[in-house]
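Next up: a single chain in structure tokens, the form predicted on its own.
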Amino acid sequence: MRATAYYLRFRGPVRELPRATTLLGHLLWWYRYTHGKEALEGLLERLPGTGFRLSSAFPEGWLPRPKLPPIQVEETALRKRLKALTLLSFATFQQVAERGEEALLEAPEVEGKLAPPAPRRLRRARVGIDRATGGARQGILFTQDLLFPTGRYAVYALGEPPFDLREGLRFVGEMGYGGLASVGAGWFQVEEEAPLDLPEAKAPTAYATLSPGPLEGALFYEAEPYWGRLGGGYVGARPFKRPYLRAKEGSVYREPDGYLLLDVTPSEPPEGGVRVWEALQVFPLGVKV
């Protein structure tokens, strides 16, 4: 699968690595800031038909393990090593896409010879702020657990982006991805943009996604409850979107073109007449089931 890779290097910690739905939300807020509300509404109408897909971020050269039917293994230690695998190198992903999970028995990841770069875990102490005075609240000291990604990470795009994707990613990296951006979390820079052939089966019968996707159409999946916060201009108003269930990255679909704009408007919208949408998409890499 020919895609375009955007390589990111983080300049600070993150609460979680960028995921396609939240990252696309950041990009759409940037589009609204630079092109206006009416242009954003037009983009949302045509977005499902553009063929544009955006992936979550993964360490360079690694992809999520496809959620294919598991093989039966009696040896306890081997079974635990297989269960712990969440990311596969491009070479192992190619083998698994063609032959199923049986290929994992020969993978260097299972033998302990190869592993993805793991983010360092940080615990940062902070002082509670008095909202009325803007000063520190006496006796309020708390900690936050963060991740510091090392090495380069990649976000992949399929199709022709309907906006300047590199410029949008650059903006998001300077403003900060996700929570705690105001205190230095989520900052990254876009180091490189390059075409890339992602591994997949030559004659696929199903498709593993690199993005959170809808439950509809999923063959094998890991469901994830999600209750996201409102972003952009609605931060600090009604904080949460309507909760819903979705399929995690690596889930397998019968068809490659799943796309759903899900209405997650809270019971009390952040502004009169405003609807809130979540873009659930299948970023398809072919696999055999």
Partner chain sequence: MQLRKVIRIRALLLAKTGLRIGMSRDQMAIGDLDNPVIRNPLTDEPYIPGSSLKGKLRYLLEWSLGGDYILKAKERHVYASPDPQDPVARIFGLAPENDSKSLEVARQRGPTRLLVRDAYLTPDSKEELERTIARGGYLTEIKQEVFIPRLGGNANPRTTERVPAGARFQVEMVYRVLDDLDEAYFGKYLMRALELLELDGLGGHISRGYGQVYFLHPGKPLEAQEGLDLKERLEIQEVALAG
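Throughout, rigid core stands for the largest set of C-alpha atoms superposing within 1.5 Å between the two forms. For clarity, every value in this text was computed on a predicted model and none was experimentally measured. Numbering follows the first chain given and starts at 1.
What comes next is about the form predicted together with the partner chain, which is not displayed.
Chemist: Work out which of Gly184, Pro108, Gly159, Pro162 lies within 4.5 Å of the partner chain in the predicted complex, going by heavy atoms.
Modeler: Exactly one residue meets the criterion: Gly184.
Chemist: If you check Arg124, Arg166, Arg79, Arg99 against the partner chain in the predicted complex, which one has a heavy atom within 4.5 Å?
Modeler: Here the answer is residue option Arg124.
Chemist: When you measure heavy atoms, are Arg137, Thr150 and Glu271 every one within 4.5 angstroms of the partner chain in the predicted complex?
Modeler: Spot residues vs the partner chain: full contact, yes.
Chemist: Can you work out whether Tyr33 and the partner chain are in contact in the predicted complex, taking contact to mean some heavy atom pair no more than 4.5 Å apart?
Modeler: Taking the distances in the predicted complex, the answer for Tyr33 is yes, it comes within 4.5 Å of the partner chain.
Chemist: Just to confirm, Arg9 within 4.5 Å of the partner chain in the predicted complex by heavy atoms?
Modeler: Result no; Arg9 lies far from the partner chain in the predicted complex.
Chemist: Answer with yes or no whether Tyr259 is in contact with the partner chain in the predicted complex, where contact means some heavy atom within 4.5 Å.
Modeler: Residue-level check for Tyr259: no, no contact with the partner chain.
Chemist: Is it the case that Gly128, even though its partner is missing from this view, gets within 4.5 Å of the partner chain in the predicted complex, heavy atoms only?
Modeler: Yes.
Chemist: Name the stretch: of 205-213, 128-136, 99-107, 85-93, exactly one has residues whose heavy atoms fall within 4.5 Å of the partner chain in the predicted complex.
Modeler: Heavy-atom contact with the partner occurs in 128-136.
Chemist: Does the C-alpha of Gly139 move 2 Å or more between the shown form and the other one once the rigid core is lined up?
Modeler: The answer is yes, as the C-alpha of Gly139 shifts between the shown form and the other one by 2 Å or more after core alignment.
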